[in-house]
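Take a look at this single chain in C-alpha cells; it is the form predicted alone.
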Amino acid sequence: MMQSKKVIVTGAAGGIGLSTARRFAKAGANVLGLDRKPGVISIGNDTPNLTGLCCDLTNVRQIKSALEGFLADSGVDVLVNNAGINPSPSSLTDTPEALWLRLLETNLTATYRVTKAVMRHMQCGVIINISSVLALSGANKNAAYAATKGAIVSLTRAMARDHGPAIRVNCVCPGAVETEMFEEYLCRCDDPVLERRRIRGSLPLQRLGKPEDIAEAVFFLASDSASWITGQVLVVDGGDYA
C-alpha cells in the first residue's frame, strides 16, 4: 500500500513526528523527516528507507535545499505537516508580540511554505496537517498556540476544496499525548504527578495518548482506506472532546 511511495514528515526528530515517520517507513515508504533539531539526522540509523535532515522550516532557502535531493527524480505522495512549538503558553494580554509572531511563523507560516514547495511536485497525493484539540476547545493561557492550530484546521478545509480531486487534505487533532511538549507542560505545573493523574483520569479511555496512536491515525488518512475522506478533522484524544 505504501511500498516505494515518497513521504515527507516535518517535526520528525521526536514524538508524533518521529513515530509517524517510522510508521510510513515500516510500511515500505521512502521517508524524509525534517526538523530543526540536529537529532533528526540520526532517526534513520536503524531504518534504511528513513532519512533525517536538519532544516529550519522558517527559512525558505533551507526548505528548498532539503527538498531538492529528495524530489529530484519523482514527486511526493504524502506530506505530513507536524512541526509546531508552544514554548511559553500565556493569555493573549500576556503574550509578547515577538512570541506571537514566532508561533505564527513556526506553526502556521512554515506549513504554508513547506506545503507550497512540496505541491509543485505533487500531481496527486495526500496532505495531513497536525493541529490540536486546543484548536477546537481552547485552553487557559494558550491563546497564541490555539490560534495557530485553529488556523491549521481552517487551512485544511480550504485546501481540500482547492486541490481536490487529485489531492486529499485532512487534519488530525491530538489530545494529551506523551511527548516532549506535554512533559514541558507538566513541569510548569505545581504538582506534575497530580496533574498527569488528573488528565488521565478525566479521559473515557483512562490513559494518555502515545505518539504511535497519532501515527496510526495519520497513516489511515494517508492510505487508500481513506480514499473518500478529505477536508475532515479527526480528533484523537482518548474521548476528552466527546
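This structure is a prediction, so every number in the text was calculated from the model and none was measured. Residue numbers here begin at 1 and follow the sequence given.
The discussion below concerns the form predicted together with a small molecule, not included here.
Engineer: Looking in the model of the complex, any heavy atom of E180 within 4.5 Å of the small molecule?
Structural biologist: Contact check for E180: yes, within 4.5 Å of the small molecule in the model of the complex.
Engineer: How about E212: is it within 4.5 Å of the small molecule in the model of the complex, going by heavy atoms?
Structural biologist: Outside the cut-off, so no.
Engineer: Do M159 and the small molecule share at least one heavy atom pair within 4.5 Å in the model of the complex?
Structural biologist: Close contact is absent here: in the model of the complex, M159 is far from the small molecule, nothing within 4.5 Å, heavy atoms only.
Engineer: Looking in the model of the complex, any heavy atom of I16 within 4.5 Å of the small molecule?
Structural biologist: Residue-level check for I16: yes, a contact with the small molecule.
Engineer: For the interface check, one of 167-175, 71-79, 90-98, 119-127 should have non-hydrogen atoms within 4.5 Å of the small molecule in the model of the complex; which one?
Structural biologist: The contacting stretch here is 167-175.
Engineer: With the small molecule left out of view, which of I85, A151, L136, L104 would have a heavy atom within 4.5 Å of it in the model of the complex?
Structural biologist: Looking at I85, A151, L136, L104 one by one, just I85 meets the 4.5 Å heavy-atom criterion.
Engineer: Pick from C55, A29, I43, L32: which has a non-hydrogen atom within 4.5 Å of the small molecule in the model of the complex?
Structural biologist: The residue in contact is C55.
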